[in-house]
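Just the one chain here, the form predicted on its own, laid out as structure tokens.
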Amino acid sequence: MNRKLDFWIPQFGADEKALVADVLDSSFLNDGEVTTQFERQTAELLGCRHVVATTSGTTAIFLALAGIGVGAGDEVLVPDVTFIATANAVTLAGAKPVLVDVDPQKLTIDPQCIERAITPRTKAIVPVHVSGRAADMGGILDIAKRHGLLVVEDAAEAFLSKHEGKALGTFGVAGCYSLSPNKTITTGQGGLIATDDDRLHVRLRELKDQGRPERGSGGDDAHNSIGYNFKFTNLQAAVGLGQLRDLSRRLERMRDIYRGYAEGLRGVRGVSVLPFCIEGGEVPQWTDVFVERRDALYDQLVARRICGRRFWHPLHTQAPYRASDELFPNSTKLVPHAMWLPSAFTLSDADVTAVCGEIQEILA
């Protein structure tokens, strides 16, 4: 390659700089009216009643779980294939993450395995929309209804990815998004919680701001309950508002990148592109593939200055949540073959074509 192709590159421009400068000129940098404006705009985009901005996707999941009453003695079902933050958020809430094997076609939580993992202590399910690909929300919600469980979606990688006409993250009682640097829009760090539940919305406000249901003065405020400090500053919100101005282009570019890989690798032996329902509204945060000899391909691509990313290790192989491989046949078998190709919306069509050509040459 004539130049390095990175897995992801965040992009900023004049809009973000101007909006941040306005906040600096205002001398009010903390969680304020700019944050509220960002929350309202994202709620409108997602088609939900409320959005609460917080410090990260991890704290978004924690606050959502705490807000629905998850705590000590409870169990929360989490897919074995996800970034470890999903399980850590459950632990932070004082509950036990119970790992569940995944669908071998999509790497999202398997509803049949959910049924087998439910116990009298199960309180909630946290499905993860891996790479922006919808988990089986119909099956998950049906199970949750029959067993009296609550669903909090981890939509960290699925901002404005849609399923059956609805934004992922708006099917359960709450949905959580990440604003970290490798996401569609970023504020450096940050997270969003979407909900249509008015009572949960109030509780989330209390939990993120020292027990205050509304923004206070820092002086003679009423603190109705125990809360914490997970405020999202006007500075971060200003960056987010600037990012939203480029959102439509980014979403379409990510779809086009996936289409380019799917077409360019069609019929190539040794590699298969995981499915996305682009026509149904899904947005590939990243394009993921199964590769027979993944590590060899990954290393040779890096040597050619093409930087993808290997999949996370299954959670059951990580020290804090270690369990037997026999309990997770799908994730154990498939994850060592899974990786993401360079997926930044800054890639050109020619870049995608070049990556496909290099993969074909290596695998041949």
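Every value quoted in this text rests on a predicted model; they were computed, and no experiment measured them. All residue numbers refer to positions in the sequence shown, first residue = 1.
One more form of this protein exists, namely the form predicted in complex with a small molecule; it is left out here, but the text below deals with it.
Annotated contact segment (heavy atom within 4.5 Å of the small molecule in the model of the complex): 175 to 183, selected among 97 to 105, 260 to 268, 226 to 234, 175 to 183.
This chain is drawn without the small molecule; in the model of the complex, the residue among 86, 170, 122, 187 with a heavy atom within 4.5 Å of it is 86. Site annotation in the model of the complex: the residue of 137, 128, 291, 114 reaching within 4.5 Å of the small molecule with a heavy atom is 128. Although the partner is absent from this view, residue 298 stays clear of the small molecule in the model of the complex, with no non-hydrogen atom inside 4.5 angstroms. At a distance threshold of 4.5 angstroms between non-hydrogen atoms, residue 58 is in contact with the small molecule in the model of the complex.
Not displayed here, the small molecule is approached by residue 82 to within 4.5 Å at the level of heavy atoms in the model of the complex.
The small molecule in the model of the complex is approached by residue 157, whose closest heavy atom lies within 4.5 angstroms of it.
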